[in-house]
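Next comes just one chain, in structure tokens: the form predicted alone.
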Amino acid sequence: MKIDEKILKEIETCVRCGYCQAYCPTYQATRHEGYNARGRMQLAKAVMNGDDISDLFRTRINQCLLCGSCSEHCPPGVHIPEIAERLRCALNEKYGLTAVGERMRKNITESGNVNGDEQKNRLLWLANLSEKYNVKINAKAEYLYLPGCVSSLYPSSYAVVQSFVGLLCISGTDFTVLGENELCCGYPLFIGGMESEAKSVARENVKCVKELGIDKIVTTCPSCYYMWKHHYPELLGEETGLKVIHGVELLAELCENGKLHPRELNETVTYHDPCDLGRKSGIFESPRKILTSIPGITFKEMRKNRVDAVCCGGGGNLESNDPVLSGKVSALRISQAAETGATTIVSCCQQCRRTLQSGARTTRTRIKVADITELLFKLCEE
């Protein structure tokens, strides 16, 4: 299996201290050594030393959430997500894609989205949006809003894109959407070890936006945000020339500038930091500024927050590769939210919203789960 020298050196840097155990969500959910960073690095070292590559090795690498919590607290500074991503690439090159990987590749490269849906379905969320909210499609505007695959194609997540669009309209922000011309950002391909396919998607997406003549992109999906802002320049070997922001940054600015005026809410809420938005991108304060600025609200932090926040269980393609393990991690995070006594857990990620809702349902925890766009829209809508 071909691994570049940089990654080999990273693997060798692991000193087997086990410090990652306290921060690895899959280990916390299973209490099994093979599920934490140290266990995965020991499996990788064995393979590098000539041991046969087993199905177990590939399974454990694909079960990594890529959340980065272990790396954030690793004494020698081993960057586990990058290692796992490169190992996935190497495994795909040597053995071909897994069934899950092949289905994902086919859906994105042939249909333009993670589901394999018809692209025209990307605008179904618009059907029951009030006519008072005018949405431009493929038009010149200040911002191009990219909802992402989940918000556009999962009915349970329509509320995220509908709420964000409503807030943009209320605030008078000039924006447009691509509708059926929007393609998946390619992040599931990239973290699934399909770098060449992700690069092709990145090139096509940047070309599409530049042809529209827009240089400001806003998205409510942390994975889309992270892909466009951080991985696109790396994959394409140059800066895109585009300003990429997450929706919560724009909403915080609109609230601060007095363009959004939320009504009073007498409720206790807590906040869940999405991995790609928080730990990986450093966006912690914008959502908290919005929540604490709402009149009457009581805000309580979970004991694991900001860089220490536990993944929702939906990262790293885990929900596709191992839905049972994903559910266990989600239940872990829900228990931490319940400890605060909050009646609602708020996040800024449609995938976190889906995964945490599932976790609350399966654990029968009486807590509501909402995206920050939904909460703010209900308080701002006339």
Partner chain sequence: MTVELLKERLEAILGAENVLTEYEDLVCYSFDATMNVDAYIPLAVVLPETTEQIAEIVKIAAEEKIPLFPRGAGTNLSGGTVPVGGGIVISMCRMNKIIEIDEDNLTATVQAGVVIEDLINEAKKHGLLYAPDPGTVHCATMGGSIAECAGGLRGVKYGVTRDYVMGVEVVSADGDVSRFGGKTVKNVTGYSMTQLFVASEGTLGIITEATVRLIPLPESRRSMMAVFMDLESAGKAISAIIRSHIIPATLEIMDNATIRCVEETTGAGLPVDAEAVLLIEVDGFEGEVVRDAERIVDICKEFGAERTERADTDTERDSLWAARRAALPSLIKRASSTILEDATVPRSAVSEMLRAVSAISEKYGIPIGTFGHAGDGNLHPTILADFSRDGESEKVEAAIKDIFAAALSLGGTLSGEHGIGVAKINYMKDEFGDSGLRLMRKIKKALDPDNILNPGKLIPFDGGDVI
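Here the structure is a predicted model, which is why all the values come from computation and not from measurement. Numbering follows the first chain given and starts at 1.
What comes next is about the form predicted together with the partner chain, which is not displayed.
Peer 1: Quick one: does V324 come within 4.5 Å of the partner chain in the predicted complex, counting heavy atoms only?
Peer 2: Result no; V324 lies far from the partner chain in the predicted complex.
Peer 1: Using a 4.5 Å heavy atom cut-off, state whether G68 contacts the partner chain in the predicted complex.
Peer 2: G68: no, not in contact with the partner chain in the predicted complex.
Peer 1: With heavy atoms only and a cut-off of 4.5 Å, decide whether A46 touches the partner chain in the predicted complex.
Peer 2: Heavy-atom contact with the partner chain at 4.5 Å: present for A46.
Peer 1: So in the predicted complex, does any heavy atom of P76 sit within 4.5 Å of the partner chain?
Peer 2: Close contact exists here: in the predicted complex, P76 approaches the partner chain to within 4.5 Å, heavy atoms only.
Peer 1: Heavy atoms within 4.5 Å of the partner chain in the predicted complex: which stretch among 343 to 351, 47 to 55, 329 to 337, 314 to 322?
Peer 2: Stretch 47 to 55 is the one.
Peer 1: Which residues within 8 to 41 place at least one heavy atom within 4.5 Å of the partner chain in the predicted complex?
Peer 2: Heavy-atom contacts within 4.5 Å come from V15, R16, C17, G18, Y19, Q21, A22, Y23, Y27, T30, R31, H32, E33, G34, R38, G39.
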